[in-house]
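First comes one chain, alone, set out as structure tokens in the form predicted on its own.
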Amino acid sequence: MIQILNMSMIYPNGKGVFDINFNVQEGEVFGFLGPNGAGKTTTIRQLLGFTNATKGKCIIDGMDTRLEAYKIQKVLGYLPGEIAFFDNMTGNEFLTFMEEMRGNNCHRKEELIEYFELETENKIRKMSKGMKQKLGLVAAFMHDPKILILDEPTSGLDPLMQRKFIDLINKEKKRNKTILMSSHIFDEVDKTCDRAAIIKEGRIVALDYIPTLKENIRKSFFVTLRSKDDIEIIEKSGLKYILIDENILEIFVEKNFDLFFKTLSKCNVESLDASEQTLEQIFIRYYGSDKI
């Protein structure tokens, strides 16, 4: 449903995105991870047909995003990362305007207003960031598009609304919607996406199914030992660890599980807990902030 084919967008200063290749299948939720400035929004602008790529092309539902952008709008819901509203309109006026632009086919509008607890009577200029974000979400979903492109969709939302958003995405997935979701919030990607790509400095550095991405990161174990002698055994083993408390260590294991268990068998272990593996650990790995 979404294809990016060897696409590059290079700005005069040399920055941009380079040789981007990935696709999103029908009924799939695809996560696009990276910090601000990594190239997420540049890639999404290409998908929307807003700019001309230096090379390559993007296709949505079989249509070229530059040549057939007007047709794509009929099947697409889009939430920009930075939403530009008509500030003098009320929420109701803006949604009515969007509805008329789409041919009065927004039969989910009232349902979504209630779901997100959107206050539509206020002028947009008086709305909080979170309320504006909810307005953008309603506008993106209300015509029930089969394809959604969401750029940082939970920006400004409180934890309750973030949870409701995750629930909505999972419901839409069951309805066979195709969703590309750009985010730097690992929890929402972990709980909604089938696959994810990580972009760094304009290039894709990882792309796979979420469980596979998690398998590729090192595991972390919290070990409580009885004495300092046991800590010396860990230290001499060559295992990587940090001291959390007097007798509590966090030990990091990649593929050396045999060494890990053989070493622990020589120690007096009082407790052993495995930490939950998260996408954030993958992200840190690719962005070089992991010093251990």
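Since the structure is predicted, the reported quantities are computational estimates derived from the model, not experimental observations. Heads up: residue numbers just count along the shown sequence, starting at 1.
Quick note: we don't show the form predicted in complex with a small molecule, though the next part is all about it.
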Is Asn36 near the small molecule? Define near as a heavy atom within 4.5 Å, in the predicted bound form.
yes
Though only this chain appears here, would Thr42 touch the small molecule in the predicted bound form if you measure heavy atom gaps against 4.5 Å? yes
* To do: Find out whether any non-hydrogen atom of Glu152 is located within 4.5 angstroms of the small molecule in the predicted bound form, and reply yes or no.
  => yes
**Report entry** His184 within 4.5 Å of the small molecule in the predicted bound form, heavy atoms
**Finding:** yes
Among 224-232, 250-258, 28-36, 57-65, the stretch whose residues bring a heavy atom within 4.5 Å of the small molecule in the predicted bound form is 28-36
